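First, one chain by itself: the form predicted alone, in structure tokens.
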């Protein structure tokens, strides 16, 4: 039966229909829904890991034990998992293993737009690059077959558009999950140098076999049309090419690595003009040029940064653009802000007031860097807030500066990779204030479970990891809890942490209001008391606005948006804000 599903949903369905046994991952847009959909389908076991390295290592274990396994993550997650990946390429697999990685051209929700095809080359493993939902589904099964045939992990790469766009999928006949034999094989799976040297030889021999496979597999196909123009492309770029140049001949690369050199030369010889269309890095173009094949248009006219669309292609190839992507002028700017009643709002209101240097991390709280708060000054990668703050403090001490840096990190990010930074700070006698926003969820990616939520991905109740004992176990003596909805108490706690020498940790335990659907009475403004000073607007809440008329604009509250956290009320010096009585948010 045909289904209309996204690429992420298609990969999940393909995993269940292809004999999948074990799946693990860490949430990260645009990959998150894949594992959530595996859980929803309920066909196989799946779990959230505390980070991507653990997810891949767990999948490796599942493969060694004989079960077809899947690890899911976004592109930057592969950086975290790279240690395991670059040795996995030596050990190979037992049952098939797929690493699904979702790239984010254009950085819709990421700190960089790295191209994961580089990792396939680096690790010398095959990479599949689907162009729609059907291919996303089909390539899971093909990936397992390649993995087992060639004794290799397989990377399945999507991009934001493939992950989230929906298309028609016709499922194949389902393969029942089977767990194969579990065999001890020390020379294959124990990467001591003596064994690793032998496995490296196998990796190089395997790559040669994969290159031969690339020449004959239907994953790479030539679509001959008008020989005047030939385009080499893959993934979502293939869709843009078909839209922009329906008459062009195309070499579509479903196997993005290794490339079919003979087929590329054959295709190049059959067309008059050769163009390489790929998002982000010039992975294909560089290899094609290295073969001695002339490329007329590649990154000399197509962008290295951001996504490609039909108009960009038309312009690059000398064709008139359709102007479908021209933005509408005059629209109001709507910067992202914290949800109404989010506990992060009170914290960053105080951090902004105190004008301290804040080393931030990856999560909803990163929004604290934006106006009007401007209260976060460095964001690098998952877990870096604590490590970076530690380094800052050490250099401050060397320079004779007394300023104590502040690190802000969420609970999921702390479990992911913040714990080691805090342990290092304790071990090395650091001097930073660490604030852990323990909202009991992985908030930025949609409210997924983590070791502190008390529940697994599949809804099984488990013991919660308690933050205070964990922090103390890492070597921190000064640990206190705070309530960031109370601005005075929050300010006092932060000042104490800044004034106390050595590592100091504050933990806010307010749950995510969106994830846990917390509702409170909305606020209202007494227009006679309001002076229009706008101090309350500094908390950057979308429920607050200004009256449309009058000699002096005053603040108003939208009761359908306000969730009654009271942070704005604490900013008012004229007692102009109060709670509305009774039910007032029926439209929520």
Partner chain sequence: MQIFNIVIAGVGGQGVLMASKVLAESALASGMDVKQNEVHGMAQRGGSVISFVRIGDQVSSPVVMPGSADLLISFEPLEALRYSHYLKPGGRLLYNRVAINPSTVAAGMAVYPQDVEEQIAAACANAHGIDALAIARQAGNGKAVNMVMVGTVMKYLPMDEEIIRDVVRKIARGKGVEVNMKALAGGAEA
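Because the structure is a prediction, the values reported are computed rather than measured. Positions refer to the first chain, counted from 1.
Although not depicted, the form predicted together with the partner chain is the subject of the following passage.
A.B. asks: With a 4.5 Å heavy atom cut-off, would you call residue 533 a contact of the partner chain in the predicted complex?
C.D. replies: Judged by the heavy-atom cut-off of 4.5 Å, residue 533 is well away from the partner chain in the predicted complex.
A.B. asks: Within a 4.5 Å heavy atom cut-off, is residue 309 in contact with the partner chain in the predicted complex?
C.D. replies: So residue 309 counts as contacting the partner chain.
A.B. asks: Closest heavy atom of residue 331 to the partner chain in the predicted complex, within 4.5 Å or not?
C.D. replies: It does: once the partner chain is placed as it appears in the predicted complex, residue 331 has a heavy atom within 4.5 Å of it.
A.B. asks: Is the gap between residue 227 and the partner chain in the predicted complex 4.5 Å or less for some heavy atom pair?
C.D. replies: It does not: once the partner chain is placed as it appears in the predicted complex, residue 227 has no heavy atom within 4.5 Å of it.
A.B. asks: Could you spot which one of 541, 59, 49, 38 gets a heavy atom to within 4.5 Å of the partner chain in the predicted complex?
C.D. replies: When the partner chain is considered in the predicted complex, the option within 4.5 Å is 541.
A.B. asks: Considering the partner chain in the predicted complex, which of 318, 218, 292, 335 comes within 4.5 Å of it through any heavy atom?
C.D. replies: Partner contact (heavy atom, 4.5 Å) among the options: 335.
A.B. asks: Pick the stretch from 552-560, 49-57, 522-530, 62-70 whose residues have a heavy atom within 4.5 Å of the partner chain in the predicted complex.
C.D. replies: Going by heavy atoms within 4.5 Å, the stretch is 552-560.
A.B. asks: Within 4.5 Å of the partner chain in the predicted complex - does that hold for a heavy atom of every one of 346, 423 and 473?
C.D. replies: The answer is no; none of 346, 423 and 473 reaches the partner chain.
A.B. asks: Check each residue of 111-139 against the partner chain in the predicted complex and list those with a heavy atom within 4.5 Å, in sequence order.
C.D. replies: Heavy-atom contacts within 4.5 Å come from 132 alone.
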